[in-house]
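First, one chain by itself: the form predicted alone, in structure tokens.
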Amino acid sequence: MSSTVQKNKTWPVIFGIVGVIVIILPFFTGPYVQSIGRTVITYMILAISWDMLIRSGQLSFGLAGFFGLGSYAAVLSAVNLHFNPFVSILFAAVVAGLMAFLVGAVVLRLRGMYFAITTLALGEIFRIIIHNWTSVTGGPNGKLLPKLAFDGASIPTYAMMVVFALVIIALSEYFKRSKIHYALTAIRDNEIVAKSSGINIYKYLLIAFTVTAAIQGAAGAGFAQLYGFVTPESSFNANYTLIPLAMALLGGMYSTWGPVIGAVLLGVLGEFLKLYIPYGHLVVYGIIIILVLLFMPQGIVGMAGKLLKKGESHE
């Protein structure tokens, strides 16, 4: 018994030490590694936000849509309203969250693939509107930011993304420990039973959809503040949906740490593969996801938990 308790205390310490090293290491490297770190953190934030909604059983393909919407909201507010970078990120989160609230009020009546396809179409609708609203958005050429966050300095912008990620991790953990988590889990398991238990299904799904869309919008705004431009093709790229999904699946769904671990592993591996097989890294992503779904459907965190419990049962 005492050895089991010791193990339970040891693993979080090991994960914590490894996590701190991963976060701190880029501060002592060059701009290239810090740039990779910022990209990985952006995908990590998207992966966590996707996981927060899938805990309700609702599969969303709308990440790229809200990411692009947030990036444009940040750039247009900075250009036209002269918002500073941080206010523009908050403004983008509000715009994406408000849009999700309005759209969710209608589409959250749908379930399963109907909801998933609707969110995918939503992102495409956003892209087409922005692509053709040339007088406001710049059309296919996009818009440039007049001033980047921290003037584009590498270390402060990496630190900004680290703080952003820590806030989202804390928010995800709050979700996991609040009554929202229990309501979403009950909805995922059996909606009829959840409803008969007095859970307001529509209300909790709308909260989760709005909050996660606001996070995705803020992530898009942060990305725009890092690179200084937006275009319909780059800001609404399908990679902002597919890669976070792959990261969450690899790390393990229904937890905060699964998407975090998946983002670090797949993000670093992807950057390494790009050096040797440009664009081919996406094929490797696909192969990894197929293997994970076939042999490790619970992801790395789920598999580690199983092995830990198995080891405890033998003691």
Partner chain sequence: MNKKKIYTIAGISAALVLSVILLIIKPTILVYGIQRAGIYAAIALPMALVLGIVHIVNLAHGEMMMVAAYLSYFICTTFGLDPLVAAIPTGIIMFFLGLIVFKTSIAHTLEAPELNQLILTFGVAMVLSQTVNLIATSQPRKISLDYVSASATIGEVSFGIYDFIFPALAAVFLAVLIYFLKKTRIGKAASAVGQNPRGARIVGINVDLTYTIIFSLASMIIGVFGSFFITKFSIFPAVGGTFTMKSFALVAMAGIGNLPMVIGASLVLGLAESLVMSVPHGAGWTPMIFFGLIIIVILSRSFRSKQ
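These numbers were taken from a predicted model, which means no experiment stands behind them. Positions refer to the first chain, counted from 1.
Not pictured, yet referred to below: the form predicted in complex with its partner chain.
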{"property": "Arg38, heavy atom within 4.5 angstroms of its partner chain in the model of the complex", "result": "no"}
{"property": "Ile21: touches its partner chain in the model of the complex, heavy atom cutoff 4.5 angstroms", "result": "no"}
{"property": "Contact label in the model of the complex: Ile155 to its partner chain, heavy atom within 4.5 Å", "result": "no"}
{"property": "Residue contact check: Lys203 to its partner chain in the model of the complex, 4.5 Å heavy atom", "result": "no"}
{"property": "Interface stretch in the model of the complex with its partner chain - options 209-217, 123-131, 159-167, 69-77, non-hydrogen atom within 4.5 Å", "result": "123-131"}
{"property": "Tyr43, Val94 and Lys274 each touching its partner chain in the model of the complex (heavy atom, 4.5 Å)", "result": "no"}
{"property": "Leu145, Leu171, Leu242, Ile180 - the one with a heavy atom within 4.5 Å of its partner chain in the model of the complex", "result": "Leu242"}
{"property": "Contacts with its partner chain in the model of the complex, stretch 111-126 (heavy atom within 4.5 Å)", "result": "Gly112, Met113, Tyr114, Ala116, Ile117, Thr118, Leu120, Ala121, Leu122, Glu124, Ile125"}
